[in-house]
Each structure stands twice: as structure tokens, then as C-alpha cells.
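For reference, the chain that follows is the form predicted alone, supplied as C-alpha cells.
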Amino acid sequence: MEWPIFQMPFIGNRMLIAVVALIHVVISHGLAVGGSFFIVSLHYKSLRENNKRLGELAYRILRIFFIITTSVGALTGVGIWLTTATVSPVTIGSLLHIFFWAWFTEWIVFVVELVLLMLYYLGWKKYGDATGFKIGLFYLAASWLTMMLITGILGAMLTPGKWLVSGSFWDGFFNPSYLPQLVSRTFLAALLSIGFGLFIMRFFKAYQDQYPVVWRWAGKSLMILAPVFLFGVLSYYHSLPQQIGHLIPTALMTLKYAAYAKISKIIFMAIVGLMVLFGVILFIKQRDYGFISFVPVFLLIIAFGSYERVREFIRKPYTVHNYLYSNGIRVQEEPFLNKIGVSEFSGWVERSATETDPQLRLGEKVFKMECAICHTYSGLNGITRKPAVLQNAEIIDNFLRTYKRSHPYMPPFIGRDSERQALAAYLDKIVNHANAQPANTEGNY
């Protein structure tokens, strides 16, 4: 209500953010945070064993990590800010207000991380073994520190804990899920880096004599890291309040297939088990049999995607739990807006409304203010794809009054009765009347 409202055509706002964010977090975890662990570990091993060929191989893998993190990783990092600030400016503004100094510190550390990465890569052969390795250690520390800072903010969005009462920065940052999430992310990053490293290594055929050395080290690392990652994930989910945890089945399998959520959990456990098995094979046989060079990174990306989807979904209907609804309305504003109505603050959507009938125009404005953050018209999660629920104006109005029982992940309808009835009439027209959808229904409002 305080900002222009944006809706991404067809794929919707959620998928827009999800695509950009998943690409970024896979790169930031696997090639930056985890990548620093992978490269520095091989660097140390090459120095300890006086194995210059291994050091050369590590340097060439670092080159790939360097190029991807400073191009795609950096661009998608900016992309996350652009998409989230465009789609949900109230959320980003609130988080900046609450965690200004954490984000300010993270930006400084991120710049330091990039400088150290450039020094580490560009000065690998220039500064000598001892100095170069020290730069690598500082790069590793800075990379992990950025994740440590961001995790506090991400955790507060889901489990703000005492912050809701105290308003203390420290209560929000060191929230109930902070430590378990930091552990799981740290070890997932290390696992991803091994997966990426084994895959990229296969392209450097000139260093096949070093493959067994890397395979044996990677195997031992997988056997250690995978169980700790599983422990971190289980600890994370046990740290969640019950009212959040009950949404996990829907997050894993969608509402339609929530009853089959156990299958998804079994698959996740199987992926972790396979990481351990691959570790045993690599450690004992010192061979990857071809498929181990690409299967781990593929499976870990799937596991990471599921992890991130669950984390994002179970936060619903909020972007900051019990503080801010996903449509940008603050929880404390709900009683006031139910009394006075949300349409009193519809200046941004008033000029883009296309309906001429007063009731339908009111319903269109309410839809754009409360629903368009998650729903498109006919694309992903489109309202025209839900005719069984939105059968007619009377049924829709009843649904809007009662849907919290069946759809607890949706924000409650907020506004006057007349606004709810207008929204019902508008949805009825869009969903149930052919050719009723206005020409300019999606885009920037």
C-alpha cells in the first residue's frame, strides 16, 4: 500500500525471486563459501605433501570458481536485491531498519571477501606458497563470515523469537533457529563445493595423475561432512515452533500431495546416505567410475532447492513471522485496516485499475493490494486455474471468510466487509466469465 505494486507476468513474483535466489545461493554456498574450503584444503594438502601438481590443479579449479562467483554470483546477488525490493519493498525496508548494522557489516565483509579472492587468485604464483596460503585462509574466513551474518537475518524472518517483544537487535539476530541453520548451511556449502570440484576437475585431463589424490581426500570429507549436515538439518527443523512445522508436508509436496510428504523425506535421507556411500567409494577405491563426478552435485542441488523451498514456504503467511504478512501488511495494522478499509490507501493501484463498475473496480484494487503478491491471473498459481474453489460470488465470499482453516499459509483477508464482497465479485468475473479478464492485468501497478 505504501509502494507501487508489481506482478511478474505468467511466472509470478514468487517464482521470479525463487529462480534468481536459487542460482545465487547455489553459487554463493557451493563456489564461494564452500569453494574457499575446497580450494584452501587442496592448497594446504599440496604444500604439506610438497605436491606441486596438486597445487596447479587447485589453482585451475579456483579459476573457474573465480569467474563464476564474480560474474553470475555477483549479478544474481544484485538480482536478489532488485527482485525482492521490487516485489516486497516493505519487507526489505523493515529488515534494513531492524538489521541495519548487520547488513552494513556484511557488505563491508563481502567487499573484503572479493578483494581477498582477487588477491588469492591473481597472486597465487606471485606471493609465494606461505603468503598465498595465508591469503587463502583469510578468504575462507571472510566467505564464511558473510554467511554467518546473513543467516542471522534469514533466521529472524522465520523465528524472530524474543525480538517480537523486546525489539532488541541481538534477540532478533541470535534467534532460535540461528545456530542450527548456520551449521546446516556451513556443511551443505562444503558438500556442494566437493560436488562442484569433482565435476570441474574432470575437465582438466592433463592432471589425471592427481585425480586419485583428490578422490581420496573428497571421499574422507564426504563421510565426515554428510552426517554433520544431516544433524544440522534435523536440529534446524526441531528448532521450529509447532505452528510452523506443520506446514512442512505442504512445502515439500504442495497441498494436493501433502499426504505423501514422507516420500520426500525418505528421498532427502537417501541423498545424504548416497553422499556417505560415494565418500566410501572414493576413499577406498580412489575412482569415481564416471558417474560420481556429476551425480553428487546434481543431487545436492536438488536437496538444497528443497531445503530453501521449505524454509521459504513455512514462513507463510508472513515474510517476518508474526510481524509482517507476505502482502506487505503489518500484523499490528490489521485491526485498523479492518475498520477503515484497505481501499483508503490504494493510491498506487487506483490509476491502473481498468474496471468501470464501482464494485468491480474496488475488487480489482483489493486483489492487486492483497493477492497479487502471490497470485497471477492465468499463469503460475493463477486464479483462473482454481474454478473449483472460486465457483461464484457467494461461494467466493464464503471462502474469503473461512479459508484460513484450509489454507493457513495465506494471509487473512484484511478490510471491510464491502471490500471482501467486492473482491468476491471481481474474482467471480475473472474466473467464471469468458473473456472477462482485462487486457492489462499483469505488470507494474
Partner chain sequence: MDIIPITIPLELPAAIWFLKFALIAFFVVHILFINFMIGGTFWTVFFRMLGKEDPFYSRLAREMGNTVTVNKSLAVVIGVAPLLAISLVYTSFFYSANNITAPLWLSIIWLVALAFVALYIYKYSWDSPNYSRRFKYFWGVLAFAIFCFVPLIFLSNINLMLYPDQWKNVYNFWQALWVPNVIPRYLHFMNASFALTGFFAYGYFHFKGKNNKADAEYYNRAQRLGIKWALVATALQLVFGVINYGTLPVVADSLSVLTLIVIAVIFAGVAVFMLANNLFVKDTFRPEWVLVAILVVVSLMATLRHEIRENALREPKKILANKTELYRSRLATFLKTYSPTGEIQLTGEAIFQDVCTACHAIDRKIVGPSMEFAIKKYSDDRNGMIEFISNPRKIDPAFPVMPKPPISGKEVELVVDYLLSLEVGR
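The term rigid core refers to the maximal set of C-alpha atoms that superpose within 1.5 Å between the two forms. Positions refer to the first chain, counted from 1. Quantities reported herein were computed from a predicted structural model and do not represent experimental measurements.
Although not depicted, the form predicted together with its partner chain is the subject of the following passage.
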Its partner chain: the contacting residue among V111, I284, I263, A206 in the predicted bound form [heavy atom, 4.5 Å]: V111
One residue of I395, L47, M410, L380 in contact with its partner chain, assessed in the predicted bound form (non-hydrogen atom, 4.5 angstroms): I395
Contact of T356 with its partner chain in the predicted bound form (heavy atom, 4.5 Å): no
Proximity of L22 to its partner chain in the predicted bound form, heavy atoms at 4.5 Å: no
In the predicted bound form, P89 touching its partner chain (heavy atom, 4.5 Å): yes
Heavy atom of L16 within 4.5 Å of its partner chain in the predicted bound form: yes
Residue stretch of 132-140, 94-102, 366-374, 264-272 approaching its partner chain in the predicted bound form, non-hydrogen atom distance within 4.5 Å: 94-102
Sequence-ordered list of residues in 2-33 near its partner chain in the predicted bound form, where near means a heavy atom within 4.5 Å: E2, W3, P4, I5, F6, L16, V20, I23
CA of W81, rigid core aligned, shift of 2 Å or more between the shown form and the other one: no
Threshold 2 Å Cα movement between the shown form and the other one at W348, rigid core reference: yes
Did L119 shift 2 Å or more between the shown form and the other one, C-alpha, core superposed: no
